[in-house]
Structure formats: C-alpha cells, structure tokens
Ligand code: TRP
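To begin, one chain is listed below as structure tokens, in the form predicted on its own.
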C-alpha cells in the first residue's frame, strides 16, 4: 500500500466524503426520513452521527492509517497474529455483496438520466410512471446494460493509481455534486407551499420518536457513512501518517450529513408543493420525483439535473466499494507470493479486471432475480437483490463495526505512538477519554441492539 497514497488533505477528504456520500444520502435518506416522521427522524439521525457515526469513522481511519494496509493486512499487522483475520474476510464479503445490488440501483439512476435527457417522462401520469418503472426493473437485458455502465466507469477510475484516479476524480465530483444540489435547493424553494415541506423536515414532532425510529436512524447512519465494510480502512491506509484522524473524521461526517440534509431540502418541499405523500418509500426517487419534476417549470432541465445528482453520488460510493476489493486482491497476492516464489502477485490492473468480472457476475444475478427468472434466485421469499441488501445492512455491517470497535478498544493501544492520543494532539484529553469509553462500551451495546433488531428479536 506504500506506493499508493493521497497527495493532499483536500484530496483525501473529498475521496473519503465521496465514499460516504452516495445513494444512501440522496435516495435512501429522504424516503426513510419520510417514513419515520421527518423532523423527528432528522433529530435522532443527527444525534446518531455525532455519538456513533463519528467515533466509528475515526476507528476505521485509525486502523488503516496505523497499519498502512487494506482490510486484508491491517488486523494482522496491528495485532501481530491472525486471530482477527476473520474481520478482514467480513469486510471483503460485505463490500462484494453490497456491490452486487448497489450497481443495480446505480444502473437505475443511469437509465433514468438517459431517459430524462431524451424527455421520456414528458406528460406521463403517476400511474404511467409506476408502470414504466415496474417494466424497467423486469427488463433483464436493459437492466444489465445500464448496470454495466457504472461498473465500467468505476473500473476505469480504479485502473489508475489512487492519487491519479480516485483523488483527482473526487476533487471534481464532490464540489460538482454540492453545486448541483444547491441549484436544486434554490429551484424547489421557489415552489408554492415549499415551506410546508421544510416544516415537515425541520420541525420535530417528539411524539413520533419511537424505538423503531431510533433504530432506523442508527442503521441509516451506519449505511450512509459506509461503516463496517472496510472502505474507510482502505482510505485510511492511503492517509499521510501525520494527518489527524479526528479532524478528518469530523470533516467527512459533516460533508456526508450536509449532503443528506440538502437531499431532504430538495425532496420534501417538492413533495408537499405538489400534494404527494412523503411516506412514498423507495419509489420516491423513480416514480414520485419524475412526476413532480414534470410539473415544474423547466421540467427537462430539472429532471436531468436531479438524475445527474443521483449518478454522481452513486459513482463516488461505487469507487470506494470496488477499491476495497482491488486493494484486498493486491495484498492477498503479494502475501502468497512471499510464501511461494512460483506465485506471481497481481498488479493493480489485473486486480481491477478480476474484481470487475466478479462484480458483473453478481450484479447480473441480482438483475435476473428481479425478472421472470426470480424463482430459482429466490431464498426464503426474498429475491437475491433484496437478500443481499438485508444481509449486508442488518447483519454484516453491524457485525463488522462491532468487531472493529472491540479491536481498536481492546487490542490496539490508545496511548503511545500508535494510539489515538498521539494522533489527536491539540485536542483536550477528555475527547480521547470519551472516545475510548464510547468504542469500548456504548457503541458495541448499540450495535448489538441494532443486530437483534435486524433479527426481529427486538
């Protein structure tokens, strides 16, 4: 990993924020907030980001920075043995499975961007848009083609070294994303009744804060910040040794949360202005929003702008997801080449090709599971697409985060040269003490609660 590193602090922050910012912010966050009380959910979500998300972002960065390895070598390097190697396999498995269904949704975004460009949604009613969306997700060939587009684009970025590929593109995409979102915010705030949507989003009804809302907010926080899948460990390994983990973590968490809040400011005023229900769920972005955008002035421009937002946000996350596997494959091959001279290590290019092929295979199976072939790709009443989403969100990500918090709290020194205290010079000591207690006790307990909730035990 020594040959790969971010060349600037800005590049690292943009790339790491891009890893966190994705469809979870612009597509998933608004509909989950809409289903869970708007302002009530936002309040709980912000508390979760500060109390849970921020410490876990710092934890993953710290693992990567101190080990100078991807998830494969990080735990062995820091612990001196293979007892925690199961965490590295969990990170790889989680990232690969997430790519399987995430690229499908990213393909939806690229398809809808192409259709927005050719003005497909003009004069369509909500019922027609619903039929159009259902027809698309059951069209295996079209879905596969549009899922292939982001896979190829992501692999093309990763073909180059980190500072020439990920860093340079992140410096372009993240500022572009923020500018486009601000333009959308200005546009929707000019609509009639937009203030009603803002009141729904920013005025909490405390009676709607239930255990279910709290647990949904915790899960969304982990998903949005890319916690528990090894992406931030990998980016931490590319972090300059002297860069402050705490400050970087705060900047990444703030940028990620800002994008989620801006997405809510875009969605809810538009939803309320045209009389739609904010509790529309996952179809909000692909059925309700096209209907709303077609009723706005400059509908073509508004539609192209919104779906461009979704595509850019999706790509910033797919890049980090695939980079986890690419870095992992490079380190695995180097590890075995040292043990057996006859084995040739994989270079970055070969690793990118290998990961891309595996991703295409899993993504294709997810696409087929949503079409007429879904019977042989159905497990326990869930198609493969939904199953991978459930397994990663409810089980693998919480377990990965639990393992990392325990590892850093009990197996990594928090004092001395490799500890957080050394890294956090300039901060009050009580910040380090709070962090230590959070990852030792509070966060593991909370993650166990989330896990039990995912198992329907709670």
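Just so we're clear, the structure is a prediction, and the values are computed from it rather than from any experiment. Numbering follows the first chain given and starts at 1. Here the rigid core means the biggest group of C-alpha atoms that line up within 1.5 Å when the two forms are laid on top of each other.
The following text describes the form predicted together with ligand TRP, which does not appear among the structures shown.
Ligand TRP is not shown here, but in the predicted bound form it comes within 4.5 Å of a heavy atom of residue 226.
In the predicted bound form, ligand TRP stays beyond 4.5 Å of every heavy atom belonging to residue 52. At the 4.5 Å threshold, heavy atoms of residue 321 reach ligand TRP in the predicted bound form. Remark: residue 397 counts among the residues lining ligand TRP in the predicted bound form, judged by a heavy atom distance of 4.5 Å or less. Contact annotation: of the candidates 231, 266, 352, 166, the single residue with a non-hydrogen atom within 4.5 angstroms of ligand TRP in the predicted bound form is 231. With the partner omitted here, the residue from 438, 13, 23, 446 that has a non-hydrogen atom within 4.5 angstroms of ligand TRP in the predicted bound form is 23. Residues placing heavy atoms within 4.5 Å of ligand TRP in the predicted bound form fall in a single listed stretch, namely 312 to 320, out of 131 to 139, 312 to 320, 363 to 371, 188 to 196. Contact residues in stretch 72 to 103 (any heavy atom within 4.5 Å of ligand TRP, taken in the predicted bound form) are 98, 102.
Here residue 400 does not count as shifted, since its C-alpha moves by less than 2 Å between the shown form and the other one after the core is aligned. A displacement of 2 angstroms or greater separates the C-alpha positions of residue 220 between the shown form and the other one, with the rigid core held in common.
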